[in-house]
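Let's start with one chain on its own, the form predicted alone, as structure tokens.
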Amino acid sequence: MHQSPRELTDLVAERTGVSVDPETCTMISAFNIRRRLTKQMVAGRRLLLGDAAHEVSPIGGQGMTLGWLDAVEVAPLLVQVLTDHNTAPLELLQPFQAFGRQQRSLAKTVARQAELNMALGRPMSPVAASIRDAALRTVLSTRMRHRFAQAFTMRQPLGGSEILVPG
């Protein structure tokens, strides 16, 4: 984590070749890669959605997208409960149980994919970077390039066939 504007601007210069004036650097923002997942998204009449339910590495807005997907999936279930005047604990209702299982599974898949994408972009030694780059060039020269592009843009996980985000 960067403690001062000077450290941050030095890093920007080192990685990009662009010199930034530390005196104009008023916000220092750094993040650690975290992965958290609630054990239960539905408890009683309460729901956890978005970052409250699952936190993934901030790459490509996937955490925000997961939150929107949670909302899209749960909204019709809530409408039905209200329409039916059903006062049962939501965790006892099959549609909410399925919702919790589905969204937790999706969050796990997205977190794994985000971690892979973050790993591919991390700074590494010149030898490791040349090996990574050669491997990527090899994969991208095959029919797998489309599958790899889908995985990198978080449309499909490398190990499965389900679509992660609409699009």
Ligand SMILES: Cc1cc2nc3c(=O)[nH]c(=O)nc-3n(C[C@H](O)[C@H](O)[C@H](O)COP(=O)(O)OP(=O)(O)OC[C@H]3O[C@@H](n4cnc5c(N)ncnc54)[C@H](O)[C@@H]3O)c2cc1C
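Not measured: the values here are computed from a predicted model. In this text, residue numbers run from 1 along the sequence as written.
If you look for the form predicted in complex with the named molecule, you will not find it shown, but the lines that follow are about it.
- Of the residues 117, 65, 102, 38, just one reaches the named molecule in the model of the complex with a heavy atom at 4.5 Å or closer; this is 65.
- Proximity to the named molecule in the model of the complex, defined as a heavy atom within 4.5 Å, holds among 61, 121, 44, 126 only for 61.
- Looking at 94-102, 128-136, 46-54, 108-116, the stretch with residues near the named molecule in the model of the complex, meaning non-hydrogen atoms within 4.5 angstroms, turns out to be 46-54.
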